[in-house]
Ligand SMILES: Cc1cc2nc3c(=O)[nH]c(=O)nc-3n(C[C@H](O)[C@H](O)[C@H](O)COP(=O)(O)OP(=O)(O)OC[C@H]3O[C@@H](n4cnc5c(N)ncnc54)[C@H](O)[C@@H]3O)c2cc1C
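In structure tokens, the next block holds one chain alone, the form predicted on its own.
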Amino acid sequence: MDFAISYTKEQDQFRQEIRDWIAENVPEDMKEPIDGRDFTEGQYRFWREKHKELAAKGWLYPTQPKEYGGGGLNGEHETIILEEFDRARVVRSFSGALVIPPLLVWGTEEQKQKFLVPFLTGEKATWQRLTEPQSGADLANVQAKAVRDGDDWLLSGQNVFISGRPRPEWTPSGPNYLHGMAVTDTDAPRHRNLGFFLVPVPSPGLEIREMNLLPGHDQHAVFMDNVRVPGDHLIGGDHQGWQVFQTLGEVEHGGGGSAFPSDEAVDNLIAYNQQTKLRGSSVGSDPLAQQVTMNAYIDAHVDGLFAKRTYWMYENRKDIVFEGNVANVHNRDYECRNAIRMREVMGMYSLLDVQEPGAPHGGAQEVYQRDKAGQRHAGGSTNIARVILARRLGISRTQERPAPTPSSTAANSGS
């Protein structure tokens, strides 16, 4: 039985078009480095312009609405684009794509033109401003305050672990906005006391500081001291911030799936077993190494199937209840398990970085180890993800319905 994915003649031609563009437009020294800490200002400037070119071709955000600057393409197109971009180490958009669903669902037409269009066309970028120092994964415990001042709002508060490129001293500077929540009504109950804002960058009273952490320097601390935000930068109502965020969180926590889930680390682990010699034999000839590597491969394959299932459901406007959350919890757990498996098979070689001439696969495995050290806390903790999954499955004391997304709202409207 042949389980290989087959492509139509038109799809193969589309793939070749992408490969030709990459060959003509992306020099080797402009590709995504193995270690993100080696990403340079020159690469950033190069890709700022290339992203605009990709957007014009419909390849930056392939399946987003064409009328707002997206590609208007289908899931098959996006899968091929991501396959080729992943293979060629094409640098992805500098803007936080998770703000797109809440803008589509909750934004007015004027806000879509003001914010969504420049995000999708690569003209502007936004970072996600969520985690606060005291709250961690309890995102409803927001301490940042938004005080109305005429038609504007004055925002004060702090955030940590805010991810994004470029570095603060690079030009052109970035991002153009920070999106996230702030308390608009201190007397209102939890989940009904927030607004969701796009904060202009730069702004008086706003400071962004780089945090040099284990994975690198792409995370930041944000400080706001009476930062003036225009009234039309509030998405949704002034008490609907949690509901707007839920649309973002629905997609972030697996609800959008993935067109091309890949696991380079597992591919490298398999290659290490096949190619690396130990006492005259390949590492993979050892039964224990075989078993550990096969478990890693199976986990990765299952994770890919979960992500593809949810992606298919999202693109075809099917009801997604728990499927995305299953994928989210599994992804968090299996990547941590595979980091351990890599150390079991590679030993100390798994900790050799890109500067070491003997590092397997150019040091990619060491980058993976550092990155997965914080895996259980990225995008909300694993414990929170398990609680959400239990609520969706109906095995918790409380139950939870999925938040509206562009997929579900389109299905309900019949469009």
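Quick caveat, the model's predicted, so the values are computed rather than measured. Numbers for residues come from their place in the sequence shown, where the first is 1.
What comes next is about the form predicted in complex with the named molecule, which does not appear here.
Proximity of residue 88 to the named molecule in the predicted complex falls outside the 4.5 Å heavy atom cutoff. The shortest heavy atom separation between residue 43 and the named molecule in the predicted complex exceeds 4.5 Å. Using a 4.5 Å cutoff between non-hydrogen atoms, residue 383 counts as a contact of the named molecule in the predicted complex.
Among residues of the shown chain, residue 136 is one whose heavy atoms approach the named molecule to within 4.5 Å in the predicted complex.
The stretch among 136-144, 72-80, 300-308, 229-237 whose residues place heavy atoms within 4.5 Å of the named molecule in the predicted complex is 136-144. When contacts are defined as a non-hydrogen atom within 4.5 Å, none of 97, 107 and 406 contacts the named molecule in the predicted complex.
130 is the sole member of 265, 251, 130, 320 with a non-hydrogen atom lying within 4.5 angstroms of the named molecule in the predicted complex.
Proximity to the named molecule in the predicted complex, defined as a heavy atom within 4.5 Å, holds among 162, 181, 345, 296 only for 162.
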